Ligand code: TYD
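Before any questions on binding or motion, here is one chain by itself as structure tokens, the form predicted alone.
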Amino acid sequence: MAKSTLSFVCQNCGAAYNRWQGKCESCGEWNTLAEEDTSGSVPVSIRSKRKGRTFALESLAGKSPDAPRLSSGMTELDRVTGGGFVRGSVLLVGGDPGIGKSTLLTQATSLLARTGHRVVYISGEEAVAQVRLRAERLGLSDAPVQLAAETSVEDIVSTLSEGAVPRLIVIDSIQTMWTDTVESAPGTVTQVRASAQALIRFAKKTGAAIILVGHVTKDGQIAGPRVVEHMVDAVMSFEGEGSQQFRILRAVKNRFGPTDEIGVFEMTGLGLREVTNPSELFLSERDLGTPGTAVFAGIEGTRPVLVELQALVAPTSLGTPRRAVVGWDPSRLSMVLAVLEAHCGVKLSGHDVYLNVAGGLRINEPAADLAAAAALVSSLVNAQLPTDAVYFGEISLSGVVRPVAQTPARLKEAAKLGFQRAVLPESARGETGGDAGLSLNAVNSLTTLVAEIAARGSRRGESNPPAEKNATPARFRRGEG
């Protein structure tokens, strides 16, 4: 009998240590080391000493058939996956507790099962009666979905191997699964890795598509070893705030499709509703006529999305002003503030700055620099921006407004929603396409935009605008603004 070897494995990143310690040196997390038996992932009785079998080698000139896709019946879900589920693929879906992962997968499996495909839903956290209760609330109790409440991977694989191969299998969740091949508690790094490997091997062998539901840590990362994310074919993140009805499905990794597409859903009493026009939904409750708000024309994948940026600049009595941002990169905000101070004379060192992306959407592209700067200056000088204008453009460290990609698509989406003006980079004027019908205000530098917004302001009782269009307001240079 092999001697048992114990080590301490980090439950967050999978790093192993010979002795216990409070902090993991690999990921920096505290109190995540747990004692596990690492003598071998497979018991000695199961190990085989047979010789390796030979297999045929193929050339690069051969023809490979395209991977057939299976539509889920939900347009937004198919958009994120790249057109549907690929046979034999494994997808990992993560999200905060209560965000709607089980609701989304219950709706997807029900729609797919109604088309005549065999669909299996394995729940390791809920009983069958609880899953039925959710389906009844969603009005999907008549869908021929096969349910089971099981956590043993060997039993699941043995059951699914009988009869026709399922087209789609949902495992909710992978952290609750366990296998006999390792001697660890369910949810540990070793168990999650071994269970995922067994399910992936079953998917590749039979051609069934498997969706694994994964828990997330406090910082939004999928719990368990990061090697699981490398093993699966696609990793999707279900995002959203619990206080808002919007939900965003975003592809983090996808071997069979793009990784920059998003799916937008709205949480209702009858489950998740697909949002075919996210711009109209994000702008449905705009603060019209309020200083500090600007509409940004962005691009998410191949889809243009218009969203409102809200800024608040308030004086502070603290030695270090506060910088808070929701839905945007904090480093990007710091860069825009530095450019405003260095090149535009806007002194913000004595003000707290708050920036929020309305609707719960997270923006990743630098094209939001111009909209964020316009909202910040508008709040500072108490100037109302035009309600029929959209903003987009990247700001360089020298204060120059740089062009961004897909300008015609941004303008077309803005015109479709009734906007009449667009503030964009000067060098992007020739890429507008000419069919948007918008009045274009092309700016070459951030100083020009700041002067135009300051001319609208009424801060500190100043009623006269600057003498020149491109002049920096005097109160900015004095540090009063």
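All figures in this text were calculated on a predicted structure; none of them were measured in a lab. The numbering used is simple: start at 1 and walk along the sequence shown.
Same protein, other form: the form predicted together with this ligand, not shown, and the subject of what follows.
A.B. asks: In the predicted bound form, which of the listed residues (Gln191, Ser102, Ser378, Thr109) lies with a heavy atom within 4.5 Å of this ligand?
C.D. replies: Among Gln191, Ser102, Ser378, Thr109, a heavy atom within 4.5 Å of this ligand in the predicted bound form occurs only for Ser102.
A.B. asks: Can you work out which of Arg303, His343, His351, His215 has a heavy atom no more than 4.5 Å from this ligand in the predicted bound form?
C.D. replies: Only one option qualifies, and that one is His215.
A.B. asks: Is Asp96 one of the residues lying within 4.5 Å of this ligand in the predicted bound form, judged by heavy atom distances?
C.D. replies: Looking in the predicted bound form, residue contacts with this ligand include Asp96, since a heavy atom lies within 4.5 Å.
A.B. asks: Under a 4.5 Å heavy atom criterion, is Gly116 part of the interface with this ligand in the predicted bound form?
C.D. replies: Judged by the heavy-atom cut-off of 4.5 Å, Gly116 is well away from this ligand in the predicted bound form.
A.B. asks: Taking heavy atoms and a 4.5 Å cut-off, does Arg134 contact this ligand in the predicted bound form?
C.D. replies: Contact check for Arg134: yes, within 4.5 Å of this ligand in the predicted bound form.
A.B. asks: Examine Pro321 and determine whether its closest non-hydrogen atom to this ligand in the predicted bound form is within 4.5 angstroms.
C.D. replies: Pro321 lies outside the contact set for this ligand.
A.B. asks: Have a look at 266-274, 147-155, 405-413, 183-191 and name the one stretch with heavy atoms inside 4.5 Å of this ligand in the predicted bound form.
C.D. replies: Among the listed stretches, the partner-contacting one is 266-274.
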